[in-house]
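Given next, in structure tokens, is a single chain: the form predicted alone.
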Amino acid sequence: MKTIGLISANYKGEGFGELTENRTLASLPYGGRYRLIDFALSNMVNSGITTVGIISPYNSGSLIDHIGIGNPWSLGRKKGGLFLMPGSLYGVQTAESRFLIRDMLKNIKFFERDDADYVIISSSSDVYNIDFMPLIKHHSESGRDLTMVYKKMPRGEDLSGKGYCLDIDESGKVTGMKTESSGWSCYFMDCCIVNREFMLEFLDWFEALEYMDMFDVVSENLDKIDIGAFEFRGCFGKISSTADLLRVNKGMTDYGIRNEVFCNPERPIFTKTQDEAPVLYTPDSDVRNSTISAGCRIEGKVEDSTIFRSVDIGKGSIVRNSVIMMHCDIGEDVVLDNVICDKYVTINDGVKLYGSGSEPIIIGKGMKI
């Protein structure tokens, strides 16, 4: 059962401000050394999928710089490999639409020229580690046109505006898709598997609705499409806001989450490697429950934070509940609480910034405070 993969990166969240001003959400740094797209790409190649297309946006510079020809994921190959494909403008849809039909039509040759049985379609901005082989087997045995991957989210989880929740009957068929939830919810993870021939038929049927998101169309045609569901039971980090970015980064310090997502020898998360010297901790430093990457110099106190490569944190400074990206220089006696610093930020001595978990302070790339 040959399967190819399609990853959509042609979207950005509305609530990320300067973090996505010049980059797609897919190339947003995460976890001290990764980019968000690393998870979608690694999930594909770890499941034996060696032909992967990425629909890229107009501001794809950082994405192209990161993935190159796909060598970190063993996709730099003569047969199959990585295909970086152009995305379209958002049209009348919002910039958060993940699967524009227009993007699929623009790159329809990707579906036509391959002889694969199935296509796994995924977004590029969520953090999870999945083996797609059980999904492929489940879909093949079901005989359905399309199978959507979902995660059961607990009661009280606010999913408003974050995508679809599924209604699933006893046979495993999707009977409803809604944007609001109550109680336990079957949250659609922006990932599915579809029969390649059916995908071509779908694009032919709905060509006139090219300005719409694929799953907005699917939700209105559930009576015409045979759709199944597949439950993912692992750790799932949804990143749709800066608050999510802080929360999911902090999740890396949980040993259970870290071991499941990053420490499975059969399903490693690959990324573009950059060698740096080990972290230098001075006698005055104090680091607790944090992720510190290579090349850093830590003289102050760091708590519940993620620090990327080559960051200097001066003596007497406190960094708490924050994300500090590459090559930032934090001066002495600085206090950063619930702050996200993009790359190459300089914070002068004595500056104190206090955000909140729901509304962190964002400092744009290259700024000096």
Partner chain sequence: MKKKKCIAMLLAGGQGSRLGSLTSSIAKPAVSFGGKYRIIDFSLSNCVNSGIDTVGILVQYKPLILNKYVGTGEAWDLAVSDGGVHILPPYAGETGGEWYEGTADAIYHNIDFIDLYNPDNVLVLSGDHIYKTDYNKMLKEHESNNADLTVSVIEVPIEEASRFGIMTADEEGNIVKFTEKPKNPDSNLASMGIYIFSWASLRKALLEDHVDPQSEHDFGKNIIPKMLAEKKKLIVYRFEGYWRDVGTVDSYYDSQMDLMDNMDSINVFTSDEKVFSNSNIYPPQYIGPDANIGKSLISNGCTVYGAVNHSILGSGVVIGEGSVVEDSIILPNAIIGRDCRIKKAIVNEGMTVEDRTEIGDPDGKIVVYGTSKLSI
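Keep in mind that what you see is a predicted model, and the values were worked out from it rather than measured. Numbering follows the first chain given and starts at 1.
The same protein also has a form predicted together with the partner chain, omitted here; what follows describes it.
> At 4.5 Å between heavy atoms, only one of the stretches 316 to 324, 24 to 32, 331 to 339, 53 to 61 reaches the partner chain in the predicted bound form; which one is it?
The contacting stretch here is 24 to 32.
> Answer yes if any heavy atom of Met252 is within 4.5 Å of a heavy atom of the partner chain in the predicted bound form; otherwise answer no.
Yes - in the predicted bound form, heavy atoms of Met252 and the partner chain come within 4.5 Å of each other.
> Is Thr291 a contact residue for the partner chain in the predicted bound form, using a 4.5 Å heavy atom cut-off?
Flag for Thr291 set to yes.
> Just to confirm, Cys235 within 4.5 Å of the partner chain in the predicted bound form by heavy atoms?
Close contact is absent here: in the predicted bound form, Cys235 is far from the partner chain, nothing within 4.5 Å, heavy atoms only.
> Would Leu280 count as touching the partner chain in the predicted bound form under a 4.5 Å heavy atom rule?
Output for Leu280 is yes: heavy atoms within 4.5 Å of the partner chain.
> Of Met214, Val127, Cys296, Met148, which one comes within 4.5 Å of the partner chain in the predicted bound form, counting heavy atoms only?
Going through each option in turn, the one that passes is Cys296.
> If the cut-off is 4.5 angstroms on heavy atoms, which of these, His138, Lys173, Arg258, Arg77, is the one near the partner chain in the predicted bound form?
The residue in contact is Arg258.
> Where, within 309 to 331, is there a heavy atom within 4.5 Å of the partner chain in the predicted bound form? Residue list please.
Residues within 4.5 Å: none in this stretch.
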